[in-house]
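Shown next as structure tokens: one chain only, the form predicted alone.
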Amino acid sequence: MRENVSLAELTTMRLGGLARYVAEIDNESDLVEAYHFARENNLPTYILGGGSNVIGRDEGFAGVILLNRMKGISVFESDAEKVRITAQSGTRFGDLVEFSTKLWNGDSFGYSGIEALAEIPGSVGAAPVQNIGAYGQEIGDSLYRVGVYDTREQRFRQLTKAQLGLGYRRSIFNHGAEIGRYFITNVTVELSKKWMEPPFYNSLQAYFNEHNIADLTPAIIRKAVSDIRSRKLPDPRWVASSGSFFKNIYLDPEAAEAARERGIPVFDNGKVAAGWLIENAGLKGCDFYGMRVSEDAALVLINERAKSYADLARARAAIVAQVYDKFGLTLEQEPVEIGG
């Protein structure tokens, strides 16, 4: 247990005031003890993994940060067509993806289901919270079950995929009455021997064409996605950023048709790419209060000189206003916030 720790030290955007306590959680005993400490002292708790999708506020957090360090990956069970892999929630998500693509499936190496999620920053435990997704895959497509500590019942449980309320960047862990009830201890994914097939996202297909790749194994797709992400997205371990900062927008059919008439690209499912809106508002590379819109990926904000959450809030407001003025659509922030 540490006291008075800067949220900027714990989050990759490197902003925020002081957390009153930080407890490092290595195992289930640590977890029970930390929650007991918080209850005894009437303190709120907040769960934090790698801090890559969390923004610290200037007010800090007057409670206990539960810093998830529970790590490990193992095969839960398998048969001739699929495998179930369990990863402890503090494990780096990229390590789970790599493990799955290198696993012998009886005929060759690699199982499919999460390979296109390679190098999404953060921990395994954060994946179902946001229902992370990229290049045509979502973690929800492969989830089998999630192990949790239920703070209301003060016991460890297993939740099925059907109980998680999964949607676009949402789950019961970040929406609704259950927020704060569960600490995710492990995640089990169910992956298949059947590999991804075309059509692929344009940038992924362009990578295959450029490198003359036809054998699309899970390991090859993982490497392709990793290379594409490394070109476009700064690594939050080294560059102050929280990854994708704005959510894509989903429109109903009537609004989607109106957007198309204004020249805005809309996918068949009503999705409008937030990055396209920002780029075509002319904001790539622009600096707002020490926050810079990345030249390589317009969805990404990089903290170059901002010293406070207030700076970020002003930058966000400026970007949202300029996109709205040009396209009539309102961007929403993807990272969650802590403090205040």
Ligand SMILES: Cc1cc2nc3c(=O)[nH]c(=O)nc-3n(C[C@H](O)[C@H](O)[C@H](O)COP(=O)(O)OP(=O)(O)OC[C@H]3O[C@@H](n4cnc5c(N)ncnc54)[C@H](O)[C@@H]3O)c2cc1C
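On a predicted model such as this, the values are computed, not experimentally measured, just so you know. Note that residue numbering follows the sequence shown and begins at 1.
One more form of this protein exists, namely the form predicted together with the ligand; it is left out here, but the text below deals with it.
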For this session: May I ask you to state whether residue 122 is within 4.5 Å of the ligand in the predicted complex, using heavy atom distances?
Result: yes
For this session: Give a yes or no for residue 134: in the predicted complex, does one of its heavy atoms lie within 4.5 Å of a heavy atom belonging to the ligand?
Result: yes
Problem set entry | Heavy atom of residue 207 within 4.5 Å of the ligand in the predicted complex | no
Exercise. Are any of the heavy atoms in residue 182 no more than 4.5 Å from a heavy atom of the ligand in the predicted complex?
Worked result: yes
Exercise. Looking in the predicted complex, is the ligand within 4.5 Å of a heavy atom from each of 275, 294 and 298?
Worked result: no
Problem set entry | 129, 114, 87, 221 - the one with a heavy atom within 4.5 Å of the ligand in the predicted complex | 129
For this session: Name the stretch, out of 282-290, 310-318, 48-56, 267-275, where some heavy atom lies within 4.5 Å of the ligand in the predicted complex.
Result: 48-56
For this session: Taking only heavy atoms into account, state which residues of 1-33 are within 4.5 Å of the ligand in the predicted complex, ordered by sequence.
Result: 12
